[in-house]
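Take a look at this one chain, the form predicted on its own, written out in structure tokens.
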């Protein structure tokens, strides 16, 4: 077998220019395929992380039919039961209360969605408290202060320290109104938060809405220790009392887009392998054509057809092995550059969004060993398979006709 590969190497070096061109194309394909896998994996994983760790969570629990009309009165019965399950399963959980009303600063007014949160649990569960454009996010002790969305702040001409007047319909039928200081303005996280969110301490929310401790949502996040489906399964025992939805069910359009992106990765890889196959096929066909008389003489001397097939296929294997090694090194180097510098897509139009969710506009890579192994094996297999046609063609040559070729 080593002799076969030695002969194959010598045959490839007969026409160095053609071999070098084919090898360069194969190396380019390998490197680009490895980089493509790494970039697509990073983008998909980063997208899911953004969705689940910023504010939405992997799973959300609501009262039955709450999401249909967002009524202040449709709250979760006994939320402590679900918080206890989350604590037992080591899943971070953040209880939230929601209400709607008017927000005013000076002469400017806008509709607002008021969030009542536990600041400590939000920090433990999610990262949106880190995404402050101006000011600071309040802590567990600070009250009479709100954090608002960026577009809402623009609509109200709000600045840090501005006094925001909240006017709402309270749960007891009275008109709730109170003055709060704007302590922070959020960066773009989602369209809903951007346009209408007024986030306040849970105690402030209870006083404003006379809500008597109503909890409308429990957002769950295992921080990638479990999948969203596994997190939901932990609460199946309570599924009849509440509505339990994974982020894929809450954002079906976005989930479908990510599934399509995953499928597109395999479509692109298939196209790359087709290109590899045609490149090797062309090289082997040309090499076979150049050595027709040689193959005819070998057959006349009694060489078996399988031996000729093996020789041609071994040339393709040696070519693919060299390409795989060089292509893998080039692909790893490309991924290193992507990790170091990234590709900034913000120049294409500001912040990146899908279905109202903001994403990091800097594209990097997430290279896994499986990407390299798959590319090397698939490239080698593709090259060998592509060489079978010229190999069989050479093996079926008539010795007399082949030796008559000039």
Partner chain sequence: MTANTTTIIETRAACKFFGEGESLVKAVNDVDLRIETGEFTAIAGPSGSGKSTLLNIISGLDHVTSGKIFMNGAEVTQYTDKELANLRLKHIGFVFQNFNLLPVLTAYENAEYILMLRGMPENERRDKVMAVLDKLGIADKAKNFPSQLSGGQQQRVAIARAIAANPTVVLADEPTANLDSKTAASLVEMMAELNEKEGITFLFSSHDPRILDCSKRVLVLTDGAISDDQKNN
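Numbering follows the first chain given and starts at 1. What you see is a predicted model, and the numbers here were worked out from it, not measured in a lab.
The following text describes the form predicted in complex with the partner chain, which does not appear among the structures shown.
The closest heavy atom approach of residue 17 to the partner chain in the model of the complex falls outside 4.5 Å.
For residue 293, a non-hydrogen atom is located within 4.5 Å of the partner chain in the model of the complex, even though that partner is not displayed. At least one heavy atom of residue 298 is located within 4.5 Å of the partner chain in the model of the complex. Under a 4.5 angstroms non-hydrogen atom cutoff, the partner chain in the model of the complex has residue 302 among its neighbouring residues. Among 307, 74, 289, 259, the residue placing a heavy atom within 4.5 Å of the partner chain in the model of the complex is 307.
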